[in-house]
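What follows is a single chain, given as structure tokens, in the form predicted on its own.
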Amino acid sequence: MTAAGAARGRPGRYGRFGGQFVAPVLLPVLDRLEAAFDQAWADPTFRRTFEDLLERFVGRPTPVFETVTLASANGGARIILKRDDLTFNGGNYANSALGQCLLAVRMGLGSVVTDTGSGQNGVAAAAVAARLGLSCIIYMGSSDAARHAATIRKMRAFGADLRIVEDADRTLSAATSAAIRHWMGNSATTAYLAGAPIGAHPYPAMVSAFQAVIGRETRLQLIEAGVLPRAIVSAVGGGSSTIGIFSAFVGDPQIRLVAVEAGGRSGGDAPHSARLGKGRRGIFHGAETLVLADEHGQILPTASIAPGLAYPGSAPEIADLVERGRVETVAVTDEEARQAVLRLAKSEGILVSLEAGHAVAAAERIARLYDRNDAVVVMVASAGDKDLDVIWPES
């Protein structure tokens, strides 16, 4: 559904969103990338290598896992987790990092540059680059870095060159801008590795194609278990895990697709990251999409306890699905997400990231609308080890 070429209308466009809004110097670079990806994706050898490493290096397929105590406490539908937190490095980000690094090798490039918010895309990129013999540069905002010391050590253990960004709001948005500037100056030798299906074409289509493995697995596993879910719920930052799991269910209108955004501290007028629900059309990081901006087009600050969700732009494909009414949006506050992480840990022995905690909190709300014969599936994109100091700052 979301593989390259599946976009509606012109290539790289998803309804009114997408496209290429970049400096002219990057247009031939993007053309070469698109041609290389199309050829690689049609090459059975490339696909076999990708799928083999997904299994043996990333740790796929990941299981679906039904909660027992958590669902009973809510008194509604069954709650089933898609456990990408069990991949070896970087959660779901490893799928796309692997595909893009393999493509960089195929194109004869020797290094990759990327950005990270929660650290998961950085860990995934660093690990895959080490495995494939690529040098790896990672930009991370200083605000995010201050909260994730252990993740930083992990990236450096894999040999990555980590560069801390002090610009703008010192979060993922600033890191992404820095990584793109680096790439613009070094595109002859370096591939920009997108952590999410954002940015100029072909990045949204390319990342979606690599992440679609999540949806294919989930659909097959649910069929094998005899489960027809009422809803698929996923927290959305850049949107990699969300488009990954939604991709296999977009054509099933009886299944609700729910994108969960970060409501910040209060869920009211305070800073948040709900650009799908409260954003407006704009150009951001190379594509037309829904962004958090004021009436003059100035980007507004984001806020979230989960760094991976604190991004002012959105994936063009998800923006289109929201505009068409196929994807619903809800917002979850910082504290609601933190409490959901704690409930899942104490009731099921599963420690998920704060990003995934947003999806769990929303799934609990939705599950209460149904009965025990129904099921709600939750995308668990990454593990919670990175957030221990945030969840229990006093320990």
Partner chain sequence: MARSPNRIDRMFQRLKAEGRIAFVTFTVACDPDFAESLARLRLLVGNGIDLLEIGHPYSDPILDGATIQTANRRALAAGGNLSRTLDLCAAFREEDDTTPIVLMGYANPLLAMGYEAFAARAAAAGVDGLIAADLPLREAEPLLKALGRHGLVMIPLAAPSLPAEDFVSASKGVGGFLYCIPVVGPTGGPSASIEAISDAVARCRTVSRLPVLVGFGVKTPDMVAAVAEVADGVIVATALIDRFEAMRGQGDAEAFRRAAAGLVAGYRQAVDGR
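Since this is a predicted model, take the numbers as computed values, not measurements. Numbering follows the first chain given and starts at 1.
Omitted here: the form predicted together with the partner chain. The next part is about that form.
Original post:
Which one of S135, S177, S143, Q221 is close to the partner chain in the model of the complex, taking close to mean a heavy atom within 4.5 Å?
Top reply: Only one option qualifies, and that one is S177.
Subject >> The single option of A42, L27, L342, A35 touching the partner chain in the model of the complex, heavy atom within 4.5 Å >> reply: Contact residue from the list: L27.
Original post:
Can you check whether A383 is within 4.5 Å of the partner chain in the model of the complex, heavy atom basis?
Top reply: Outside the cut-off, so no.
**OP:** Would you please decide whether H285 lies within 4.5 angstroms of the partner chain in the model of the complex, comparing each non-hydrogen atom pair?
**Re:** Contact check for H285: yes, within 4.5 Å of the partner chain in the model of the complex.
Subject >> G15, heavy atom within 4.5 angstroms of the partner chain in the model of the complex >> reply: Contact check for G15: no, nothing within 4.5 Å of the partner chain in the model of the complex.
Subject >> Heavy atom of M184 within 4.5 Å of the partner chain in the model of the complex >> reply: Close contact exists here: in the model of the complex, M184 approaches the partner chain to within 4.5 Å, heavy atoms only.
Original post:
Which one of these stretches, 102 to 110, 274 to 282, 252 to 260, 126 to 134, sits within 4.5 Å of the partner chain in the model of the complex when only heavy atoms are counted?
Top reply: Of the options given, it is 274 to 282.
Subject >> in the model of the complex, residues of 16 to 55 near the partner chain [heavy atom within 4.5 Å] >> reply: Result: G19, Q20, F21, V22, A23, P24, V25, L27, P28, D31.
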